[in-house]
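Let's start with one chain on its own, the form predicted alone, as structure tokens.
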């Protein structure tokens, strides 16, 4: 089984369209979005329509849960005031521009999905199996913690997103944890491409991350027309994060520009 996993879309309908085209070329057996359709980018309904029309299943991320239930904020899990400020700006924009029909669809989405492939128990979630908005950072997760997480949640492979930065860990036990990253914005790597995960599951587990180029300048111009923060636009044009920085662990932040 070749399984494609898409992390946060963040209203980047240009990147989502390019990713769907890439999946069609590669011929993945199945694809699934791990949640967070809205936020950050412009025109949130466009991304919802693209994903629904493509028939790709999706989990309910924290953003989808908040937008679907008309909550007061995104429940992203930020604690720093600057991170919270930009998160609120993004959330207010998205919630006000998501249609009632799409909100109802989001409310009905599952929070997790389980299945078995070649004898391996696979668990898909948004943040972590413990909490929808838990951040699983590569530098902050020891092998022992990830082994415990697999034990506690009866899984041989856990796949998540939420952080926006992709990574994969093959554990000593033979189990795996995969963070699919995000297709909605760059991975704070100085590239304008976005990334998704492609897993090959048979007797073994092979994990790859696929870069996707898209018309990021068209997205940036739309964001400017919608008067979204210039900090967001800079990230799209440069590939470097300018917000959500206080949430990054030291090692992940040291790889960025700011």
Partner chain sequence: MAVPTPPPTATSCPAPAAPARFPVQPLLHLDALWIQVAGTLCNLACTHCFISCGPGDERHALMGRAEVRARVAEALALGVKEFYFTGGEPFLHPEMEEILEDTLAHGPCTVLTNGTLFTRHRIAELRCVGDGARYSLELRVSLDGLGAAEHDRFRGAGSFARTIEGLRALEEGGLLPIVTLTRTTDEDPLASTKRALEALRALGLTRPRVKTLPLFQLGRESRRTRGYAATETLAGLSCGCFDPTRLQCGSCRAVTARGVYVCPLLVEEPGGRMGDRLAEALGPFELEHGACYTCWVTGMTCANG
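Bear in mind that the values here come from a model prediction, so they are computed numbers and not experimental data. Residue numbers count along the first chain shown, from 1.
We do not show the form predicted in complex with its partner chain, though everything after this point is about it.
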**OP:** Look up in the model of the complex whether residue 81 has a non-hydrogen atom within 4.5 angstroms of its partner chain, and give yes or no.
**Re:** yes
Original post:
Applying a 4.5 Å heavy atom distance criterion, does residue 139 contact its partner chain in the model of the complex?
Top reply: yes
Original post:
Is there a non-hydrogen atom of residue 250 within 4.5 angstroms of a non-hydrogen atom of its partner chain in the model of the complex?
Top reply: yes
**OP:** Answer with yes or no whether residue 2 is in contact with its partner chain in the model of the complex, where contact means some heavy atom within 4.5 Å.
**Re:** no
Original post:
Just one of 102, 166, 169, 120 has a heavy atom within 4.5 Å of its partner chain in the model of the complex. Which one?
Top reply: 169
Original post:
Only one of 177-185, 129-137, 157-165, 104-112 gets a heavy atom within 4.5 Å of its partner chain in the model of the complex; which is it?
Top reply: 129-137
Subject >> Within 141-164, the residues that have a heavy atom no more than 4.5 Å from its partner chain in the model of the complex >> reply: 141, 142, 143, 144, 145, 148
